[in-house]
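Consider the single chain below, provided in structure tokens and representing the form predicted on its own.
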């Protein structure tokens, strides 16, 4: 299959998917149980973006960073602060005399600014942190995220961040297509980076730093580049998450949020963009939709189903994750990616399965005779 044809098929598939989402959004009422589908699509897209950005550092470059929640925090706050209408600031910053920022930016420039501010902080923190190895890098980046969360709740910064209070009344989106398209564009850009000469340098560092350095690759420069690019898109993911939630507070961006993305990357496959995307949607679908019935009491006639109560969903969800990790040690996709050629080969094999079984049974019958 030619490269031109692959791009054409990809564009057709994406356009068809967006058209289906648009039609479903127009036909499915908000009160329907199927309205949860849009929550999965929206939040899953945002999680897919952040998971791929984390995979860029952890999976493709071979670093062990746990600072993703901190960069999302920066992106979310940057977006929210600059998109609150001036006339609403007095009610939002009611404990800080209306805040000190008196202007408002459009949504798209604010999203880009969120990524840029997150990337700037990543550049600064990367100067000392990226000289550390494995676990030390993870501890340092995780500590940075926790310190940042505490700083954003500091009352001295209240006129900017609103302290420990909610930020609200900022610009949000009104269609499920917005986060899907935004996340898709960002993931496509990261794919271009991964498949470029810089991406090959990242993979060389992951495989063997000594050999990569011997080949002329500047280790620190490329680690810093990977870290900054990842943080830029994590910041954009934070901005999209703020738009999805309609309110934002620093306490949301705890270490547990980073662990969720790390879990998604591991389930999908370290070094697989396709795996991170699939795992993100499965993670959100299971947690937010498919397993929700486990948190409420269920009856079959007069018989009460045992164990079903608030919190049981998390128990089953944890067991499912453990099974996936045990039986798919390299994740759902491993290091593989989706390809039209591979899909075509799989489809071509399906009609031949019955024929193969018939030949097998025929040979066994001949042997028995």
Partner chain sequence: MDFIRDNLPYILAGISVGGQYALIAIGYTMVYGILRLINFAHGDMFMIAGLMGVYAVTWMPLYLAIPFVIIFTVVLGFLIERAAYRPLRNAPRMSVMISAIGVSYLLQNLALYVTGGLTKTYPTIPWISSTITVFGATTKVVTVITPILTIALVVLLMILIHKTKIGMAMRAVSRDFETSRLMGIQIDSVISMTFIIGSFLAAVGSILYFSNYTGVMPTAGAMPGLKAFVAAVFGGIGSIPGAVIGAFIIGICENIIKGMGLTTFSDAFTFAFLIIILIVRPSGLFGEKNIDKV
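It should be emphasised that the depicted structure is a prediction, and the values quoted were computed from it without experimental measurement. Positions refer to the first chain, counted from 1.
Below, we refer to the form predicted together with its partner chain, which is not included among the displayed structures.
Look at 113 to 121, 141 to 149, 91 to 99, 166 to 174: in the predicted complex, residues with non-hydrogen atoms within 4.5 angstroms of its partner chain sit in 141 to 149. The contact residue chosen from 262, 282, 84, 194 relative to its partner chain in the predicted complex is 262, the criterion being a non-hydrogen atom within 4.5 angstroms. A single residue from the set 335, 314, 339, 35 has any heavy atom within 4.5 angstroms of its partner chain in the predicted complex; that residue is 314.
Within 4.5 Å of some heavy atom of its partner chain in the predicted complex lies at least one heavy atom of residue 136. Put simply, residue 132 is close to its partner chain in the predicted complex: some heavy atom of it is within 4.5 Å. Although the partner is absent from this view, residue 210 contacts its partner chain in the predicted complex, with a non-hydrogen atom inside 4.5 angstroms. In the predicted complex, its partner chain sits within 4.5 Å of a heavy atom of residue 128.
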